[in-house]
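We begin with a single chain expressed as structure tokens, specifically the form predicted on its own.
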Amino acid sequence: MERELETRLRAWMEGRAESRWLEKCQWELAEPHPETTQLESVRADIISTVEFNHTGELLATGDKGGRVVIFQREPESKNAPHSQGEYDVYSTFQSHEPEFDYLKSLEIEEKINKIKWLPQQNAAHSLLSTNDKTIKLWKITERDKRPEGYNLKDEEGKLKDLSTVTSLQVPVLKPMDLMVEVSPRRVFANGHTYHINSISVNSDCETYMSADDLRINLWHLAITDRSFNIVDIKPANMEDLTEVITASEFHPHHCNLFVYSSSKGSLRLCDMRAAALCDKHSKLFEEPEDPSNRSFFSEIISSVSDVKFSHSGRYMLTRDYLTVKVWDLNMEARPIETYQVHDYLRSKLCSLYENDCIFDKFECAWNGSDSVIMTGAYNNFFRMFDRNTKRDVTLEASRESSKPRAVLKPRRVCVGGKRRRDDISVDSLDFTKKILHTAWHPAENIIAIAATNNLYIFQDKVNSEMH
């Protein structure tokens, strides 16, 4: 009985400690490297996607110039064993080139829309990258030894004259400087008529899906010349088109389940066991609209720009223009949690429509324990919401406010009334500085923030491990 009471008390104390997690966090900028924080300010360098691998040891970014940059976490220093390992550039390669579709007279951008890591099966790493039309599978390997002492080749690799070979020797492996080799393994082309907006690797580690505005295709990682169409919402008459697919993702544990979001703000959970073509969803998650809040902008701001399953697979996280919402897979009627990201912009929707900012697609992310969620905003601000305490914080990713090892100070946007010293006015927000892409380390409190052409990696120096 005493042991049971002690166990319950410990669990209660741990819950209390966890509930104060966001208040205790002290986010600091990891030691910057020139490659990670100071990139040339040109359009091609604008970061378009950020993704940690399954261990968090590697971090990949894609940009509008079609390049992929991979960062590797350095091992912890012997002099400072408790310090976090830093991320250094591991490899850079050109994933996509600009192309031209002569049939449609359209230029296909080289911009990387999404990167997804495959679970590691051996010493090599693999990732999928996609632009608007073509998905590529890349293999990343390391080489730190080279063979020497060939019988039929000289040191330069040229074939020897066989008449000069008088004895045989066993080739040996000699150490060499570490070389990272990136090689294309597969090219998945011609599967989409419209622009690809998302890719997702299945938990069976054999298949993945790709989604465009109207269709979702299922691919096998070993087969490039065919895919299976599993969702098709294209109407017979395009004039009847009322919504488009905005994002999709496989369930993290059940290989038959996937979800896709729409521009009308709804989520559809589909089960591939039910039918080959999943036009009929298993569940429809949709929040009823409040007629009193109906306006010209209602449909635009309700469009879901990102959807992510929680690591546990129980919940879904969605982002629309003004909010992030948490949905329970067992409750379709409404989200169980709704967090306002920047509700102060509601009065400025007209000007945001005129400058096209209202169409910006913000992403969202879970922390490793699904207790905190993160998403971006304008003025290089990003927001964190603690699901246990319902507390939130606004932080800024900028060179001015982010000095190495300096703790980030919470920022506050002033709408009206009394203004504190460090507050920023809504009218002073810079809408050209926006954080659309964020990623959270799967096991630790390390986050990657893409602010236009700069990559910031922050870590919580108080709570390095996930709670």
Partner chain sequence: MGTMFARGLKRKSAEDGEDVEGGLAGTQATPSYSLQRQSLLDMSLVKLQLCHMLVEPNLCRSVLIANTVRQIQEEMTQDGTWRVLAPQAAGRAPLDRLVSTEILCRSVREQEGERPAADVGDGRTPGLVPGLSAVPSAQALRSPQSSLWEVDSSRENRGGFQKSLDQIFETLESKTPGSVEELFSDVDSSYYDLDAVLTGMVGSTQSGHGSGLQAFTAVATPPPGSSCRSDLGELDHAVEILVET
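Since this is a predicted model, take the numbers as computed values, not measurements. Positions refer to the first chain, counted from 1.
Below, we turn to the form predicted together with its partner chain, even though it does not appear here.
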Check whether Leu106 has any heavy atom within 4.5 Å of a heavy atom of its partner chain in the predicted bound form, and answer yes or no. yes
Ser263, heavy atom within 4.5 angstroms of its partner chain in the predicted bound form: yes
Partner proximity in the predicted bound form: Arg294 to its partner chain, non-hydrogen atom cutoff 4.5 Å: yes
Would you please decide whether Ser163 lies within 4.5 angstroms of its partner chain in the predicted bound form, comparing each non-hydrogen atom pair? no
Quick one: find which of 216 to 224, 385 to 393, 342 to 350, 145 to 153 has residues within 4.5 Å of its partner chain in the predicted bound form by heavy atom distance. 342 to 350
Since exactly one of His251, His195, Lys139, His311 fits, which has a heavy atom within 4.5 Å of its partner chain in the predicted bound form? His195
Which residue, Val187, Leu241, Val172, Ala274, has a heavy atom that falls within 4.5 Å of its partner chain in the predicted bound form? Leu241
Its partner chain in the predicted bound form: contacted by all of Ile47, Thr49 and Ser183, heavy atom 4.5 Å: no
Given a 4.5 Å distance limit between heavy atoms, list every residue of 348 to 362 close to its partner chain in the predicted bound form, or none if there are none. Lys348, Cys350, Ser351, Tyr353, Glu354, Asn355, Asp356, Phe359, Lys361
